Every structure is written in C-alpha cells, then in structure tokens.
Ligand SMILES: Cc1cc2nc3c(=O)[nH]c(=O)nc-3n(C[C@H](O)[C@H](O)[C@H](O)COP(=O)(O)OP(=O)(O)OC[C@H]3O[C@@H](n4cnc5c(N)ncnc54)[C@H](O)[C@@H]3O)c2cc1C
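We begin with a single chain expressed as structure tokens, specifically the form predicted alone.
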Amino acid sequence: MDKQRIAVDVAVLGAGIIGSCCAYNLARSGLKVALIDPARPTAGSSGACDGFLSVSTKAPGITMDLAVASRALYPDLVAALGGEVEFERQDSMLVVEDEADLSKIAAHVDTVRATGSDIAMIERRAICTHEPTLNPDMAGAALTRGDFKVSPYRMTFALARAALAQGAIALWNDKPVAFDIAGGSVRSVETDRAIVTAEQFVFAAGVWSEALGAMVGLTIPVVPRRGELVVTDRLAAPPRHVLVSAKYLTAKADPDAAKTSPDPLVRLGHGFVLETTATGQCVIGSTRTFSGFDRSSSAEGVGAIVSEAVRRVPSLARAQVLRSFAGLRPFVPDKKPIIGRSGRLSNVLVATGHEGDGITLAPITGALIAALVRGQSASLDITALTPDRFATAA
C-alpha cells in the first residue's frame, strides 16, 4: 500500500511537552508543521512526572538561566492556550534536614536570589509558622515566593491541540522508520504510514533521542533515568507549599554517588519532593535510578518515598496511597539539555535531554527552537547546549 505523502516546513519528531511546545511556537509563527510521535502526547516522560515549575531546583548556570526565562514566559503562554491546565502560583520550601547542609543551601539561595527570585532562608523556629505540616526537627529551610505548578498532562495536550488549531498536522502512533539524507541535510522522514518531506526537522524525542539520532548518524547521548512517584488520597490539611528536600538537589546533580554509597537512599537516588494537586492530593517523590527503559515502580523505591515523606510531614501517616508510578527522565551525561542546530546536518535541530526539568523549561525551549528555525538569534546564549558538543568529544 502506498504511503501518504506530506510536505511541510518543519517536522517535529516527539510530541511530549518539549516537542508540542516547539510545534506550537512554529505553527503560531505561520509555518506548516507536522508533529510526529510513535505513541501520543503524554505517553512518555511528560505523562509521568509532577508539575512543579521552579528556579531553585536548577543547577546554577545555563540551566538556571533557562528556568528564569521560561518562568517569565509561562503566564502569557497559559493565557494564550485558553484552556484549563491547572496553572497556579504555589510558593515552595527547600527543606534542610541536616545542620551540616545549611551553609551550602544558604550559598545556593544567594545564587538563586541573584536571578531575581524571591527566596530567603528562614530559621528553624519559623519553619512551622510558614508550613505547619512540617516536622519541627528540620534544621532550616529556604522559602521561595512566586513559584508555580501546572498539570503536565493538561499542559502537554493543550500545546498539542493549540498547534493543531494553528494548522499543524498530527501523526500519532506513527513511528519513524527511515530518513532520506542527501548533501548534508535531511530531505524526508518515512514513518509507518507516511513519507514527510520538510525543510527542517526538530528532534524532540526525549528518552528515545539516542536511537533517533543514530538513524541519521548524530550522537545524542540521552539515557533514561527512572523516577518513581506516589499519589495519596485527599488530605484535610495538605501542605501549603511545594516541599523539596535539600538532598533532592544532591540526588539530581550527583548520579555517580548511587554507584558507591553504602546508604540505600543514596543508591536509590532518593530526594524528597511533595506537590499538592488542585484536588488536595499529594504527589510525592522521588527516586533517580538508571534502569534502562523499565517503567515499573519498585517496592523498595515506593517504600523509601513513603517512609521519608512521613518523616518530614508526619500527617502523611494517616493518608492512603492510591497509586504509584514511574517515568523516565531524559538524562544527559554532562547534565545540560541539548538545544540547538546540528553542524553535521544543516536542517536538523535538537531539543531534548532536559532530565527532570522538561515541564519547567518547555516554554523557553519552544521559543528558542522557533527562533533558530526562522533564522533569528536565540534570546539566550545556548552555545554550551549545542548537539555538536558530543561529536566533538568523540
């Protein structure tokens, strides 16, 4: 059977929140877009995560700069989408359990404050005044005012729908199987059901990016990093803030510690984080392990998440766990996302490797890719994020 032939300006491969945001920005600018995914929006990482949008949990440098820019874009983007995506302000607290970590977190707070964020350390005796649900034995905390949260499911689908409303073509459950390459550029992608010719291509395939890159000879070293989450029933008095442990930052930034540490929590990459949903339920995490493409949650991981959450928020001992689930974060060895144009294939751009920061960084990533596709200058210096950095290292 002959496959459908489609001609567009830009083919976006991957319809998670990053790909959908790229497609939305491109279609809104007047380009004809095909949004291609082997499954559907939210079938991957974007449908298996929390929706906390923050700056304080990001690594200082380019990732934090991206988060600041993205946070500024979110309100207008949500307003333009016009749908209910459960976007709302929720202040957050970075909780310090050990006295020995206070100086490190104070230094981190100074770095975050320098970005213009409203963040400050609070003393131990004031912690429960701000957050009555917290265990008073915590050593200290940093309070951030002006953080947000969003429903990852709703946001991803809203972006995909908005892209389609602007004329984009959706090819769901349609897997790329081959590319036609000539003269240092990609001419078309063949999927299970279609042959899509495009002027430019955006690779936004999340944890599947390495395999996609290999199909065209690009090195995109994205590795799946599993994260487990637990969802409770509704609490009568849920936490007022998004709660994040200082140890969450360590687990996120130091994956090698899991290989050598005798501490079972470190080996699981555990870092406490809690977000209260619009319905009063708690989404609690999380773990960080390299388990291939296995998305099953483990008894060990769920047990650690629950016991550590109760230790910090004692009232959770009375909550019922409704379900647990796991997702795969697109991890890059140098811990920075990959955003930019390929130097090897002139019409291929890459937007992937955001690890656990994809929900926060989607708006700025979509805006940057749209600017590069249209031949405009990026609003931030993203030289360090080029996909060519891996080929050079090799």
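For every residue, the number given is its place in the sequence shown, counted from 1. Keep in mind the model is a prediction, meaning the values are calculated, not measured.
Just so it is clear, the following notes concern the form predicted together with this ligand, a form of the same protein that is not shown.
Partner contact region in the predicted bound form: 227-235, out of 90-98, 227-235, 310-318, 139-147, criterion any non-hydrogen atom within 4.5 Å of this ligand. Contact between Pro239 and this ligand in the predicted bound form is not found at the 4.5 Å heavy atom cutoff. Although the partner is absent here, Ile62 sits far enough away that none of its heavy atoms falls within 4.5 Å of this ligand in the predicted bound form. Although the partner is absent here, Gly269 lies well away from this ligand in the predicted bound form, with no heavy atom inside 4.5 Å. For Leu212, a non-hydrogen atom is located within 4.5 Å of this ligand in the predicted bound form, even though that partner is not displayed. Screening Ala34, Val348, Cys49, Ala367 for any heavy atom within 4.5 Å of this ligand in the predicted bound form leaves a single hit, Cys49.
When this ligand is considered in the predicted bound form, only one residue from Leu328, Ala27, Val332, Val55 comes within 4.5 Å through any heavy atom, namely Leu328. Looking at this ligand in the predicted bound form, residues Leu243, Thr276 and Gly301 place no heavy atom within 4.5 Å of it. Heavy atoms closer than or equal to 4.5 Å to this ligand in the predicted bound form belong, across 12-40, to the residues Leu13, Gly14, Ala15, Gly16, Ile17, Ile18, Gly19, Ile36, Asp37, Pro38, Ala39, Arg40, ordered by sequence position.
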